[in-house]
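Just one chain is shown here, as structure tokens, and it is the form predicted on its own.
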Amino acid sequence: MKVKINISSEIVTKPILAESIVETGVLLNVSQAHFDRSHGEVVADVLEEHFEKIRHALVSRGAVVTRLDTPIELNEDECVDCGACISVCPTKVFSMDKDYSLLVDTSKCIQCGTCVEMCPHNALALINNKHA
């Protein structure tokens, strides 16, 4: 399962990810991360059976953990099959079918949002993800 871990400016300089991993023994596969002095945000994969354990460790240190249950969502009424999303997707979620219509493999989505920013028709969205 994918999770997003938000770390506020008050604790961004503390090693809460490392401490949580060491404490629980739960490994995270980080697919993206952004840190600066104002905040931190990490998107990672964690096995479903280990989620509660790592969530508790992170939340007890002040992080906000969000389950990313819904991968990229395509609004077919807005999509014009232009393919702008194809070249920017790091995991090849998008491709063209033989008839030049857009194919979407949501199982590959790491929810980075790059395609959302690139879509000229606002046909892509990351929604329905909730705090755990």
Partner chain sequence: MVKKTIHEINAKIRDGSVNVVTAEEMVDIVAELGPEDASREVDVVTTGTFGAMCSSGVWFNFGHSEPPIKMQKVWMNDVEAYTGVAAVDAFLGAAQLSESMGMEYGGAHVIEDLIRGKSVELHAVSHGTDCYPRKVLDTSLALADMNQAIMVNPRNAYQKYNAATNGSRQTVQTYMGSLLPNFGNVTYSGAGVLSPLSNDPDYRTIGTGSRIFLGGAQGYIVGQGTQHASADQFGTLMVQGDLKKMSTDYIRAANFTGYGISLYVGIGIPIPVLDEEIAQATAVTDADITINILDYGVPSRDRPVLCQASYAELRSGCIEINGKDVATSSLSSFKTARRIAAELRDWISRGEFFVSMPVENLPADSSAKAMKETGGVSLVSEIMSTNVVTIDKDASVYKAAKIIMEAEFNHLPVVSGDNLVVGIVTAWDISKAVSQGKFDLVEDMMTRKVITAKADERVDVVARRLDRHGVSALPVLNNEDHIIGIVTSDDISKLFARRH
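All values derive from a computational prediction rather than experimental measurement. Positions refer to the first chain, counted from 1.
Although it is not shown, the form predicted together with the partner chain is what the next lines describe.
When you look in the predicted bound form, the only residue of 27, 86, 33, 64 with a non-hydrogen atom within 4.5 Å of the partner chain is 86.
In the predicted bound form, none of the heavy atoms of residue 73 sits within 4.5 Å of a heavy atom of the partner chain. Contact check for residue 17: no non-hydrogen atom falls within 4.5 Å of the partner chain in the predicted bound form.
In the predicted bound form, the partner chain lies within 4.5 Å of some heavy atom of residue 99.
In the predicted bound form, the partner chain stays beyond 4.5 Å of every heavy atom belonging to residue 49. Residues with any non-hydrogen atom within 4.5 angstroms of the partner chain in the predicted bound form fall in just one of 103-111, 38-46, 56-64, 74-82: 74-82. Taking a 4.5 Å heavy atom cutoff to the partner chain in the predicted bound form, none of the residues in 35-59 make contact.
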